[in-house]
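Next comes just one chain, in structure tokens: the form predicted on its own.
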Amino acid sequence: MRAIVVRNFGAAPELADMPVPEPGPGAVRVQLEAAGVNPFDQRMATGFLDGKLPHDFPMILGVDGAGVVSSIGPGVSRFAVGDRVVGTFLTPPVGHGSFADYSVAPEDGTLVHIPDGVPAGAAAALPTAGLTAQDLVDASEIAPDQTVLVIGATGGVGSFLVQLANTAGAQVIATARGDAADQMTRLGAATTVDYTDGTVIEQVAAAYPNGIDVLFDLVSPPEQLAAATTLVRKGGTVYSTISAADEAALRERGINGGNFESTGGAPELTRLLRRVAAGDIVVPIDATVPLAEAATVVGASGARGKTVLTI
């Protein structure tokens, strides 16, 4: 089968011919139709999980994927051959991911049925970015009419965050280039701050002199995040998804939150898919790329929404 692999940590991703995997007990094999691209794919390729989990090389990249169950292992009861499914394909040993014609996942992992009417590409874009956004909104316990600032709003997580925070009743402030303002408005942002037109902090402070309630920062390094937290009222919440938060400093100022890692699984993914099927959440796909060209988008920046591989 075709797969996108790296032959060692730091190597360039390449298209390779790999054996078709067989599902063991409690696992299913999925014939993949689409795979979502995430920044984590590049981190995995460069060795982020080295020393934390065992790896197999050549290492097939990709975490998120959607397709059709083509085979089931002994003991599987939740899925049958022919079921449309979506989920995450990251189980030890690392290296058997979703950037391939086939991949295997445990039935008790983050793997769920795709509702009717949801295309495979849209489903594949959801797991990592959508679950992170949903978990952030849940953790911050957003109340109606609170002000929520999303720094990095045009990316995969940010595009979902703007929508989910808006549907929770918040007044959402999104950071983006000026030419993305219409997109942010359509997703539910009340205000778009153009980060190329002066500093975000100065612009938000001028528009919201009494401060904001919640800051979701998906991109800023520690020094920039520390400066942005001055916008948040005492008792407010700050979350960084790239481990940039000084949690002790936040506590000293009476601010909740800190560094965030998503723990969402199958129940949360099912909830998101239902909202997509109902039309409550839009899956913002910026680019669709054939599997053979995956190396051109792994680690790329600047996407407005999600990049999806077609398989």
Ligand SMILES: NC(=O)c1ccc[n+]([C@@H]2O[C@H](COP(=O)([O-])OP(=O)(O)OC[C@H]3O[C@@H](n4cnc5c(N)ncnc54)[C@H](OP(=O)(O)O)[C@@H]3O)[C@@H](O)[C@H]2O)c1
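Position 1 is the first residue in the sequence shown; the rest follow in order. All of these numbers come straight from a predicted model, not from anything done at the bench.
Omitted here: the form predicted in complex with this ligand. The next part is about that form.
Enquirer: Counting only non-hydrogen atoms, choose the one of 79-87, 113-121, 229-237, 211-219 that falls within 4.5 Å of this ligand in the predicted complex.
Expert: Correct option: 211-219.
Enquirer: Which residue, Ser140, Thr154, Gln134, Asn166, is the contact with this ligand in the predicted complex, using a 4.5 Å heavy atom cutoff?
Expert: Checked against the cut-off, the match is Thr154.
Enquirer: Would you please decide whether Thr241 lies within 4.5 angstroms of this ligand in the predicted complex, comparing each non-hydrogen atom pair?
Expert: Judged by the heavy-atom cut-off of 4.5 Å, Thr241 is in contact with this ligand in the predicted complex.
Enquirer: Any chance Glu261 has a heavy atom within 4.5 Å of this ligand in the predicted complex?
Expert: Contact check for Glu261: yes, within 4.5 Å of this ligand in the predicted complex.
Enquirer: Even though this ligand is not shown here, does Gly257 get within 4.5 Å of it in the predicted complex, heavy atoms only?
Expert: Looking in the predicted complex, residue contacts with this ligand do not include Gly257, since no heavy atom lies within 4.5 Å.
Enquirer: Taking heavy atoms and a 4.5 Å cut-off, does Thr192 contact this ligand in the predicted complex?
Expert: Contact check for Thr192: no, nothing within 4.5 Å of this ligand in the predicted complex.
Enquirer: Thinking of Met1, His55 and Gly97 as one candidate spot, does this ligand come within 4.5 Å of a heavy atom in every one of them in the predicted complex?
Expert: Verified in the predicted complex; spot residues all out of contact, no.
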